[in-house]
Ligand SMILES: Cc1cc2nc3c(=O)[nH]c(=O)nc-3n(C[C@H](O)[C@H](O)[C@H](O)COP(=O)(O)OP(=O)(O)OC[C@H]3O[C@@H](n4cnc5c(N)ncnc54)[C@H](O)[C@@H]3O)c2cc1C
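One chain comes next, on its own, written as structure tokens: the form predicted on its own.
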Amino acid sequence: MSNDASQGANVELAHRIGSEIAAVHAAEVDRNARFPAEAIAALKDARLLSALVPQELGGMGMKMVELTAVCTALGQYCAATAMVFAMHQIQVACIVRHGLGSEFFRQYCRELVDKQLLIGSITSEVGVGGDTRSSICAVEVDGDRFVLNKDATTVSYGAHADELLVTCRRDLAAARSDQVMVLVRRGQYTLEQTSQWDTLGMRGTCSPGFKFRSRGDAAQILPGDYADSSGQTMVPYSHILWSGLWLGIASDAMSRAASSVRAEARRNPGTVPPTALRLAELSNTLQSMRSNVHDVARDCQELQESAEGNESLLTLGFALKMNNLKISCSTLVVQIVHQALLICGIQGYKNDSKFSLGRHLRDAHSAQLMIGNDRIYGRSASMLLVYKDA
């Protein structure tokens, strides 16, 4: 099978899982704020959890453009499923792009492929104000063992993950910004829940706060600095994959609005419904969002494959592009769903209608809060003081 054909097949597979499984359970997942277990199990069966693992270690070796398309496909059916999938892939990306110089992490990737392990994330912490580039907790290494405890405000699908990738200070003497990541495996940690996950949207991601306590082998500390892992991998993968799944939410909203307008046209043959003009505006906005996501995903993949490699991802220009993508897409997804709701009218407002957009709108509103846009604007403002090619 050619590479292009394989890419198309994987995206089609994501659509099939989305339409036949994720969409069937999406309303209940949202209503009961429960984990989308059926869809994640299907993604495991399809071996998509190891999509980013290099082929030499048994994975698919999937690249950014295709992975983004998979997130968009899933986002059209169940945003919680798509977000769990995207968050897992962000953790896998950190491991495969920064850890494969370690025999422990090479072997771990083989096991991930074999067992389709789901990796959760603990970057938040009580007392750091949402700044993922700052930690209070520290990994304490004694010989070949470590102890790591953390009071986290949210743990992504923590009770449902097989493993957790945790940010922390390098040691007790390190500054808050001198961080590393530690992979902690099931059986090595305990979780004491400290808050509930009763949210407006993204309810199926099930990410309450926990007090996390763990012990493990020092080999489980990801090589290198978290600063590099964050700039070269966590930030670009987060902003691009999140934008991809938000595009999926927006695309389904557009589809429902279009169906509503066509139904109105069929009721009044020979006339153009007034809502058709609003639909044309919506199509224009969605095309801009889609082009932005696709262009930045392609740019990122090309930089990763360039001679400069990871270093090219640490430039101010690339960081600004990532920030602008996140801000733009997190804003547009709300705008597009809201416009679709106005087109669908009361049928879109009802929860039991085929044009219902309530879940879409609530899920979309989470986008601007995941790493708050004001925080990102602040970072961009600082960069623009010294960046001369804006």
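It should be emphasised that the depicted structure is a prediction, and the values quoted were computed from it without experimental measurement. In case it trips you up, residue 1 is the first one in the sequence shown, and so on.
There is also a form predicted in complex with the named molecule; it is not shown, and the following applies to it.
Candidate spot 243, 318 and 327, all three in 4.5 Å heavy atom range of the named molecule in the predicted bound form? No, none of the three is in contact.
Among 210 to 218, 288 to 296, 129 to 137, 266 to 274, which stretch has residues with heavy atoms no more than 4.5 Å from the named molecule in the predicted bound form? Looking at the partner contacts, the answer comes out as 129 to 137.
If the cut-off is 4.5 angstroms on heavy atoms, which of these, 301, 102, 154, 233, is the one near the named molecule in the predicted bound form? After the contact test, the surviving option is 154.
Just give me the single entry in 229, 72, 121, 238 that has a non-hydrogen atom within 4.5 angstroms of the named molecule in the predicted bound form. Result of the distance check: 121.
Applying a 4.5 Å heavy atom distance criterion, does residue 381 contact the named molecule in the predicted bound form? Close contact is absent here: in the predicted bound form, residue 381 is far from the named molecule, nothing within 4.5 Å, heavy atoms only.
When the contact criterion is heavy atoms within 4.5 Å, does residue 375 count as touching the named molecule in the predicted bound form? Yes, contact at 4.5 Å.
With a cut-off of 4.5 Å between heavy atoms, is residue 11 one of the residues that contacts the named molecule in the predicted bound form? Output for residue 11 is no: heavy atoms all beyond 4.5 Å of the named molecule.
Just checking whether residue 205 would be counted as a contact of the named molecule in the predicted bound form - the rule being heavy atoms within 4.5 angstroms. Yes, residue 205 lies within 4.5 Å of the named molecule in the predicted bound form.
Residues within stretch 47 to 67 having a non-hydrogen atom within 4.5 Å of the named molecule in the predicted bound form: Read in sequence order, no residue approaches the named molecule (within 4.5 Å, in the predicted bound form).
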